[in-house]
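One chain follows as structure tokens, the form predicted alone.
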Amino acid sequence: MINQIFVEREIENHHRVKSILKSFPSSTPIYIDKYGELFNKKKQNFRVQKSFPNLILASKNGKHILQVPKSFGIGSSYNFYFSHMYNCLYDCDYCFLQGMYSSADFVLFVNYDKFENEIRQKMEELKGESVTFFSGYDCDSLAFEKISGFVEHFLPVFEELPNALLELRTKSIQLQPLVSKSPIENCVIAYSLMPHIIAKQIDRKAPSIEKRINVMEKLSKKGWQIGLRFDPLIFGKDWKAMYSNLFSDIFQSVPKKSIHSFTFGPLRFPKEMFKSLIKLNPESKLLSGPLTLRGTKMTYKAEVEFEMINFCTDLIKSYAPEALAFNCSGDF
């Protein structure tokens, strides 16, 4: 999976770097000054690198916690996101990362203490307020867990911050460390979902929807809160029947009491990013589908988007309270 490992010199003695390198005993790390030397190089081929990605271990500088758009949230008064990693193990047709970054290499920021400190500072600033911290938008929160130990580190942090909610967005079927720990009330394991047939075509390298639902069932039985993320909604032939079947499959396995929230978001791309995605994936049926330019974004026609969100919102009311539904149409 990993082609070569690069390590920033300033963190070569970091305990997390040493631990990660033990997972790759046959790989000799190459030391560099800054991760940007590789990651930000121009004229890289994202598609070629995706088959043989490097792992770059780095230290994140600057702001570690960023505010999300006003239109994005799942009920808290304040909403932020943080990215301990850039790029994802999976290779989905609609992934904005391939249009955002020129490199498909994985960058893992090992200085978790800096993220933790900013989260604690933010909670001190907003004392008494409800705050959500979203993880899993520049990567998958759980897919790299065996190497990163990200969730293992941050669950105890949020356990000490009862007014802070942690959302772990994922498509992974990774169960550890969740099944070996007692669930905490202020953590939501949020799964990206779409109809089975569509996922088989465009969720490349990601676990099947069947496997994701199976993991959701196991975690719900353990006591974890589950988030259902239908983002993006995909339009196509028989889409209403497919989403109806998907919701039925989910709620046959996952009890209503375990659902924290469910969100809907339209398929959308910034105009320039869409141009990059088309160049990288010229044969993609999804990207060549019925998309149109609305403002600065390529997306479905307004009436299509409206119909899909309304249909799915109305449909899911038969399974869970409408108060748990959120329309997350903003971009990070």
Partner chain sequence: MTNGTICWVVALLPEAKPLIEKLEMKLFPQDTLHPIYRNETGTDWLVVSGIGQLNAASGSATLYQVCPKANVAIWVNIGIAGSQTAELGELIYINAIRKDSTNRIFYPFVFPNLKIKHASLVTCDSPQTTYGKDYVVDMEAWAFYKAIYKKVSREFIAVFKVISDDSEESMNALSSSIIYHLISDKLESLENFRIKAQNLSHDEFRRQSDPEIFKQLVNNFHFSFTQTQQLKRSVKRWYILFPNKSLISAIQGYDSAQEILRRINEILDDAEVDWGEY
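Residue numbers count along the first chain shown, from 1. None of these values were measured; they are calculated from a predicted model.
Although not depicted, the form predicted in complex with the partner chain is the subject of the following passage.
Quiz item: the partner chain isn't shown here, but in the predicted bound form which of 273, 287, 65, 68 has a heavy atom within 4.5 Å of it?
Solution: Contact check passes for 287.
Quiz prompt | Interface residue in the predicted bound form among 201, 163, 117, 208, criterion: non-hydrogen atom within 4.5 angstroms of the partner chain | solution = Flagged contact: 201.
Quiz item: Can residue 45 be called a contact residue for the partner chain in the predicted bound form at 4.5 Å between heavy atoms?
Solution: Yes, contact at 4.5 Å.
Quiz item: So in the predicted bound form, does residue 263 come within 4.5 Å of the partner chain, heavy atom to heavy atom?
Solution: No, residue 263 is distant from the partner.
Exercise. Would you please decide whether residue 238 lies within 4.5 angstroms of the partner chain in the predicted bound form, comparing each non-hydrogen atom pair?
Key: Heavy-atom contact with the partner chain at 4.5 Å: present for residue 238.
Quiz item: Going by a heavy atom distance of 4.5 Å, is residue 306 a contact of the partner chain in the predicted bound form?
Solution: No, residue 306 stays farther than 4.5 Å from the partner chain in the predicted bound form.
Quiz item: Does the partner chain come within 4.5 Å of a heavy atom in each of 126, 128 and 176 in the predicted bound form?
Solution: The answer is no; none of 126, 128 and 176 reaches the partner chain.
Quiz item: Out of 130-138, 209-217, 227-235, 182-190, where are the residues with a heavy atom within 4.5 Å of the partner chain in the predicted bound form?
Solution: Going by heavy atoms within 4.5 Å, the stretch is 227-235.
Quiz item: Using a 4.5 Å cut-off on heavy atoms, which residues of 257-286 contact the partner chain in the predicted bound form?
Solution: The stretch 257-286, when checked against the partner chain in the predicted bound form, contributes 278, 279, 280, 282, 283, 284, 285, 286 at the 4.5 Å heavy-atom cut-off.
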